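The chain below stands alone, shown as structure tokens; this is the form predicted on its own.
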Amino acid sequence: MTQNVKEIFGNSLAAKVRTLAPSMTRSMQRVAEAVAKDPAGCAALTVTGLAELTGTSEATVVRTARILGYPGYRDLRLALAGLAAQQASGRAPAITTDIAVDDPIADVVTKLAYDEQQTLADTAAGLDTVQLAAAVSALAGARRTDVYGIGASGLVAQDLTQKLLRIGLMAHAHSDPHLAVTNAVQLRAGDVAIAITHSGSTGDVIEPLRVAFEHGATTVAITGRPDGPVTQYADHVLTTSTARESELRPAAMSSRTSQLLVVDCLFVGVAQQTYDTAGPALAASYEALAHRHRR
């Protein structure tokens, strides 16, 4: 595989940069991109040096550090030094995972597996657990849950609803935009509506979430764009990793991995909170399936 020492995916800093970059100013993006691409080089720079390198100001460097979750540039610099040490030790392999048309199938497997791992790690690193816990609590006590998704996101919506159904909760997945809206008008306080859209701008998903929001349901957005239009109607936003696209691996394919992780986190959290009923329900479903296979 082609080696590229500046391309690192398996760390929380890179995940934050990819997730937050769309909401940054262009000058802040230059700073964020610089530290993500060359953590070792940037760790050796003073705040003035990094500002000069990126053609920005010291104030912009400090603001970027804070948006990335660090109290100041000194703390960001320490994190960069730690990441550089990981790279030097070989614990953070730097490889490119773009798949070429003439790649051997063994390389395809290796690249896909690596990229899936990094997508999961990035999503876990950037997931707001406070928002996640609030969404879990709403789901656990919901009278009814509607989940909206189109295309690949629709498959993820179906995955979540079938999980919730298996622990005795009322849940429906909607991929037809007309049915989604007509069902959304039936929701009220105590119900939950979840929109799954990687781009954050899928109109057929945003519209039923808006209707559910206006009717008082608790709303959740699972999206790769925390600044996307869908979030204006979401009480809770769960951010997935920004997908790395290629000609042979479109966003719909790569984003699904991170969406499924968030869905699994939601389900396990709900099962924990409702274990007194969820446990027996799961056992009953397992027994029913086992009985079917024995026939």
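When you see a residue number, it is the position in the sequence shown, counting from 1. What we label the rigid core is the largest C-alpha set whose atoms superpose within 1.5 Å from one form to the other. In this text, all values refer to a predicted model and were calculated from it rather than measured experimentally.
Below, we refer to the form predicted in complex with the DNA, which is not included among the displayed structures.
- In summary, the region of this chain contacting the DNA in the model of the complex, judged by heavy atoms within 4.5 Å and restricted to 133 to 141, 150 to 158, 68 to 76, 221 to 229, corresponds to 68 to 76.
- A residue is said to contact a partner when one of its heavy atoms sits within 4.5 Å of a partner heavy atom; residue 260 fails this definition for the DNA in the model of the complex, lying far away.
- Shown alone here, residue 37 lies farther than 4.5 Å from the DNA in the model of the complex, counting heavy atoms only.
- Taking non-hydrogen atoms only, residue 47 approaches the DNA to within 4.5 angstroms in the model of the complex.
- Residue 62 belongs to the set of residues with a heavy atom inside 4.5 Å of the DNA in the model of the complex.
- Superposition of the core reveals a Cα shift of 2 Å or more for residue 58 between the shown form and the other one.
- Superposed on the core, the two forms differ at residue 27: its CA moves 2 Å or more between the shown form and the other one.
- Put the two forms on the same core and the Cα of residue 233 is off by less than 2 Å between the shown form and the other one.
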